[in-house]
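Given next, in structure tokens, is a single chain: the form predicted on its own.
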């Protein structure tokens, strides 16, 4: 099986389900969003997200031009959003470990630091909302899955490093003990970081279980 279509309440959950069936990481596939999720009135008229996920040929890679185009679209959107809500900040493109980040950087005053804190939100919730809006804009304009991560003052980079380190630690323990372990509930971005980190540890595999906001990653010995 080289290609599957899956539906779920969110794009990220649909992709997770497809990756689990294909036994692949996100870096090994091409993702096409066939339908965005839509809420209805009291459940009437709602629709789930639908994605088509295809294993890449070994030589097939997303081009730098694709990523640069996405970064420009994302930067224009985020700059416009900041302007509308009255925040003054720089938006910088940064490539870190193969990932394109759009980093929002404020000034050094206390007011600027407070603005950046508000943009991140409690446990990163506001930043996740900005990421989702950016994802929808980029996907709509390019027809491709958004590969740009919106960050604020390197918040997500630090978060990613902590999550990856924790995931590797647990994965190695699972490989040693042979007993599966479930991590704390995470949002889609955090689960992706964990799945990618676990994929680098031999003898184990990961999947997501449960429904948001209690959906979590389970790491188990590879069958």
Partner chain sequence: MKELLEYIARELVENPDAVEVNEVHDDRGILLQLTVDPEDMGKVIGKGGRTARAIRQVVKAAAIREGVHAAVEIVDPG
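Being a predicted model, the structure only gives us computed values, none of them experimental. Positions refer to the first chain, counted from 1.
Separately, the form predicted in complex with its partner chain exists; it is not shown, and the next lines address it.
Is residue 109 a contact residue for its partner chain in the model of the complex, using a 4.5 Å heavy atom cut-off? Outside the cut-off, so no.
Is the gap between residue 80 and its partner chain in the model of the complex 4.5 Å or less for some heavy atom pair? So residue 80 counts as contacting its partner chain.
Even though its partner chain is not shown here, does residue 133 get within 4.5 Å of it in the model of the complex, heavy atoms only? Yes.
Indicate whether its partner chain has at least one heavy atom within 4.5 Å of a heavy atom of residue 16 in the model of the complex. Yes - in the model of the complex, heavy atoms of residue 16 and its partner chain come within 4.5 Å of each other.
93, 162 and 205 - do all three of these have some heavy atom no more than 4.5 Å from its partner chain in the model of the complex? Zero of three within 4.5 Å in the model of the complex.
Scan 105, 87, 144, 100 and let me know which has any heavy atom within 4.5 Å of its partner chain in the model of the complex. Filtering the options by heavy-atom distance leaves 87.
Which residues in 104 to 131 have a heavy atom within 4.5 Å of its partner chain in the model of the complex? Heavy-atom contacts within 4.5 Å come from 115, 118, 125, 126, 129, 130.
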